[in-house]
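You are given structure tokens for the same protein chain in two forms, set apart as structure 1 and structure 2.
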Structure 1
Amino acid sequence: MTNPIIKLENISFAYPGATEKILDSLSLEVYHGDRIGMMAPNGSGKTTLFHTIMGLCRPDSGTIEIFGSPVSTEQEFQAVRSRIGLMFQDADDQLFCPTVVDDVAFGPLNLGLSADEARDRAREVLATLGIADLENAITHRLSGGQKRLVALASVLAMEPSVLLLDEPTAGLDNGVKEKLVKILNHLDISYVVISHEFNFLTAITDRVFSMESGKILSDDEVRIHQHEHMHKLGNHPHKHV
């Protein structure tokens, strides 16, 4: 068996000043080829978990190994950060350059590519996602769905080995969701996706985890949870879907 790409072991974390542990001896392994979904209530720590993997929240205890080597200092995290593509919960937070191509090229420029190389890389990725025509569009004037795709492009332009997607579909309509499903199913990359939508998750992942009291719950518990939920809605008059 190969080594995990991301390996968290007994990670505990509380925000400074807070007493409650958001992550409590949490362990997680992500292997090459994994396509994992994550579905858990608001505030259960999903975003915090992603930030811990990226080295933005430093755990109080536990170890993190990424690509087989332990990371704990800012230098070590900086070295691996560009190989993990994190897509934010809100695409608006991720797009800060004036035009789409500037934004997608921002990461490659930081990786040390020349301006021309970075621009070429950006164009390539935009073409792969089918949004080549947006190249010179002003980022903040894009529609919600377009922003999401550009954010994905700007993450993919770093050529990461694994993607972390934080609620990629919140506020998106079904058309854009289906486009995302297609794109993700065609990308040859491992990913972990947070979403509150079961249908979306099942369409793009092989397993769905949940989180409760700072720990990861396995597939089975999630399934039970879902049945219960659907039952509750069943009490209200609602159309057959």
Structure 2
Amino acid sequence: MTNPIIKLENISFAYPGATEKILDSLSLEVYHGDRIGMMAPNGSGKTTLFHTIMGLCRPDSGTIEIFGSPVSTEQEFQAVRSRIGLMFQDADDQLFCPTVVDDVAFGPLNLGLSADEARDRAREVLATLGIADLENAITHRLSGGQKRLVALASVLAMEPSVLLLDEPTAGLDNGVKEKLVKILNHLDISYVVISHEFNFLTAITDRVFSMESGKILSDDEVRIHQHEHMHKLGNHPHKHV
């Protein structure tokens, strides 16, 4: 077996002022070629896990190795961020340039490409995602679904070695979701995807994990399934206990 490209060992983390750890002695290994889904309730630590991998949350204990090297300092995590693409849960946290093409070209520019090269790559990715017509659109005027696609384009334009996608289908219609499935299935890179959509995860991943009590449950420990039912007043909001 090759060495993991991402290795977290006994990671614990609590937000300032919190009484409970959101990550509690969590361990995870991601290998080349892995396509992993994460499906768990809100507040279980999925997003915090991604932010820990990227160095946006610094663990209280435990070790992190990325591409075979330990990382703990900001300088070391900066190198990680140039090779791992994180798509944030909220696209507004990722988009800050005036126009779409500027946002998508920003990452390649920081990787050392010339302005023309960065814009050419941005246009290529926008075309791949079917949103070339948005090139000169004002970013903050886009719909929620359009912003998510632009955020994904900004990540793909950096040509990362690994993708971390946090709820990539939120706000997308079924046609765009199908296109996203095809794009992800044709990528020759590892990725971990957080989603609440069972069908989407099963279409793009080989394994689906969950999280509980700050730890990851592997796919041999969980049985995620769809729940279909009929009853009166089904259109009204309700919960199952």
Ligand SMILES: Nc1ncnc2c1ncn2[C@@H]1O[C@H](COP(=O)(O)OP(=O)(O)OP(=O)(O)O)[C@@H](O)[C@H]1O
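We call the rigid core the largest set of C-alpha positions that still match within 1.5 Å between the two forms. Source: prediction; values computed, not measured. Numbering for residues begins at 1 and runs along the sequence of structure 1.
Participant: If I had to pick the form predicted in complex with the named molecule out of these two, would it be 1 or 2?
Facilitator: It is structure 1; that copy is the form predicted in complex with the named molecule.
Participant: Does the C-alpha of residue 83 move 2 Å or more between structures 1 and 2 once the rigid core is lined up?
Facilitator: The answer is no; the displacement is under 2 Å.
Participant: Kindly check if the Cα atom of residue 133 is displaced 2 angstroms or more between structures 1 and 2 relative to the superposed rigid core.
Facilitator: Yes; that C-alpha moves by at least 2 Å between structures 1 and 2.
Participant: Would you say whether residue 142 is displaced between structures 1 and 2, judging by a C-alpha shift of 2 Å or more on the superposed rigid core?
Facilitator: The answer is yes; the displacement is at least 2 Å.
Participant: Align on the rigid core first, then pass along the CA displacement of residue 123 between structures 1 and 2 in angstrom.
Facilitator: So the C-alpha of residue 123 has moved 2.4 Å between structures 1 and 2.
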